[in-house]
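Read the single chain below, which is given as structure tokens and is the form predicted alone.
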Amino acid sequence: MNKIRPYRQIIECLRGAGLRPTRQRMALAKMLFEGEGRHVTAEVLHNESISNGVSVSLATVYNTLNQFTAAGLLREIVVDGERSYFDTTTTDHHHFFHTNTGELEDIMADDVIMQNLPVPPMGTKITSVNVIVRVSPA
């Protein structure tokens, strides 16, 4: 769900994920899924919603992002203990994190080769590996 979608497709997508298509979810989904893959923080999405005339609290934005993530519509990328981004591209891939701007940039999954992963603890299995490469200006 990375492209501009008509409201009917957004409604179907939300319902298919088990979410009721409320006015606020619809407005936030439209902003999130316009264009190609996006990486947004709750604060950025909240500011966008205000700029677009959508009356929604920051708490509602956080709740909606977490609901979309739990439903598989977004991926949460935690770059440090204080900052999480929500990624509209849910397929396996990695990220560059630009430390000077706070921007995330996709790295194709095939561009990172994983070797010698540790043996997971007994009774568990590795389900995914997410690489964040921190970069700064040279």
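Here, rigid core means the biggest group of C-alpha atoms that superpose within 1.5 Å across both forms. These numbers were taken from a predicted model, which means no experiment stands behind them. Each residue number is its position in the shown sequence, starting from 1.
Beyond what is shown, the protein has a form predicted in complex with the DNA; the following relates to that form.
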- Message: Only one of V78, A70, M108, L58 gets a heavy atom within 4.5 Å of the DNA in the predicted complex. Which one?
- Response: L58
- Query: Three residues, R20, R25 and E82; all within 4.5 Å of the DNA in the predicted complex via heavy atoms?
  - Reply: yes
- Message: Taking the DNA as it sits in the predicted complex, is T89 near enough to touch it, meaning that at least one heavy atom pair lies within 4.5 angstroms?
- Response: no
- Non-hydrogen atom contact Y62 with the DNA in the predicted complex at 4.5 angstroms: yes
- Message: Using the rigid core as the reference frame, would you say I126 shifts its C-alpha by 2 Å or more between the shown form and the other one?
- Response: no
